[in-house]
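Heads up, the chain below is alone and in the form predicted alone; it's given as structure tokens.
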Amino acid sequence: MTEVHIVGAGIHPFGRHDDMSGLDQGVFAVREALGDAGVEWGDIQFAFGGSSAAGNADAMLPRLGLTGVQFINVANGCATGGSALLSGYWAIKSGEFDLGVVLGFDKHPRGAFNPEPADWGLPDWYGETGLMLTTQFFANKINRYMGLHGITPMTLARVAEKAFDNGARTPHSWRKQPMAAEDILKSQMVSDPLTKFMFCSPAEGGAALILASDRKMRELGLAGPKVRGAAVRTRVNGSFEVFSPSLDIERGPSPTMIASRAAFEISGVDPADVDVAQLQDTESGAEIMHMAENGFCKDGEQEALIAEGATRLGGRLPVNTDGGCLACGEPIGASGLRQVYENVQQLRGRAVGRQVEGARLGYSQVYGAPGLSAVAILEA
């Protein structure tokens, strides 16, 4: 059976880059990935890529070379990068192709995301009353979770504190200034209980990965982590997701739970086997809830695990080792692939200053509106 490996990885630092377009950053990331793998653009047989606010991803073709390559634009909210990876994984797994690239980039304007209700199948009044404001949704969701499972505001602050500590160690991060949990807790309240420094910001950046079949990898004399499994799943009845007008009394599993279970089943491993994890942290509460939704703990256990440092570097399961969305920001098209890029660096022993020693299995999960999740599991 054909196996899929990541033989090259490239990234353009996340943050704000007034002298570069989003497309510039995407092209930069692809060229970095090609150089990392030691292959040429003309060798690439397929590409899957996406951008939410910086134009069509295939606009990079004139810059990279008009080779006739199959290039498919991907649009799947914040899970665009994860969806591009799954598409590339399938393309090689099927035996149709041997070498390709998956990529994502974006350049968002300053300020909060401004989604249009009609784009999500909702009436105008839904936005006019403020219900499209994602900060409110995430605050409502974590407030409910905190009440049900005994999570305190200090735990929210500790998640952000860890993110900024890790970001200070990471070349591709945006926020590189450590901040104490007490200062995060006392910062400006945005949507109770989430303060200013508990939220990520729309950002800029690009990320790209070169995928190869095991046969092609050997032929080229390359090496790289194997994609043990990948899955994308959407919401079901009863799941409580962004842009949901109500919460059903009968609860259903979240898309993250469904995607996580599928990826673990495909890969043949368990949560206890994972050495390093990158989890969606649109805000501090998301990381906390996703710890349980991905099977790494039970609801409510996060309070003690985070207090004892289990998710920090050197802990039982380091989470968001590059600072996650909180420290890197979130360029929608690139965010999910940034997670995978970080796991590639970890599994190759290249995460200088933040290396998880002996990491063999890396896990990533990205969540997107209006309720979908993408998971990928890599093995060194």
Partner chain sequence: MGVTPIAEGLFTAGERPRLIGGRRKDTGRVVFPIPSGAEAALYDPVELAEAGTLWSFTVQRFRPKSPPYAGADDDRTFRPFALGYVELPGQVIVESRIETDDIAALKVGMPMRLVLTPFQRAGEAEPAVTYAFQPA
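Numbering follows the first chain given and starts at 1. For clarity, every value in this text was computed on a predicted model and none was experimentally measured.
This protein has a second form, the form predicted in complex with the partner chain, left out of what is shown; the following refers to that one.
**Message:** Given the stretches 170-178, 118-126, 301-309, 264-272, which is the single one in contact with the partner chain in the predicted complex, using a heavy atom cutoff of 4.5 Å?
**Reply:** One stretch meets the cut-off, namely 118-126.
**Request:** Check each of Q136, T234, S187, N73 and return the one that places a heavy atom within 4.5 angstroms of the partner chain in the predicted complex.
**Result:** It is Q136 that has a heavy atom within 4.5 Å of the partner.
**Message:** I'd like to check something about W90: if you look in the predicted complex, is any of its heavy atoms closer than or equal to 4.5 Å to a heavy atom of the partner chain?
**Reply:** No, no contact at 4.5 Å.
**Prompt:** Taking 4.5 angstroms as the cut-off for heavy atoms, does K226 touch the partner chain in the predicted complex?
**Reply:** Flag for K226 set to no.
**Request:** May I ask you to check whether S201 falls inside a 4.5 Å heavy atom distance of the partner chain in the predicted complex?
**Result:** It does not: once the partner chain is placed as it appears in the predicted complex, S201 has no heavy atom within 4.5 Å of it.
**the partner chain contact in the predicted complex: L247, any heavy atom under 4.5 Å** = Although the partner chain is absent here, L247 would touch it in the predicted complex, with heavy atoms inside 4.5 Å.
**Asked** Taking R110, L131 and N143 as the candidate spot, are all three within 4.5 angstroms of the partner chain in the predicted complex by heavy atoms?
**Response** Yes, the whole trio is in contact, each within 4.5 Å by some heavy atom.
**Asked** From first to last in sequence, which residues of 191-208 have any non-hydrogen atom within 4.5 angstroms of the partner chain in the predicted complex?
**Response** The stretch 191-208, when checked against the partner chain in the predicted complex, contributes S191, D192 at the 4.5 Å heavy-atom cut-off.
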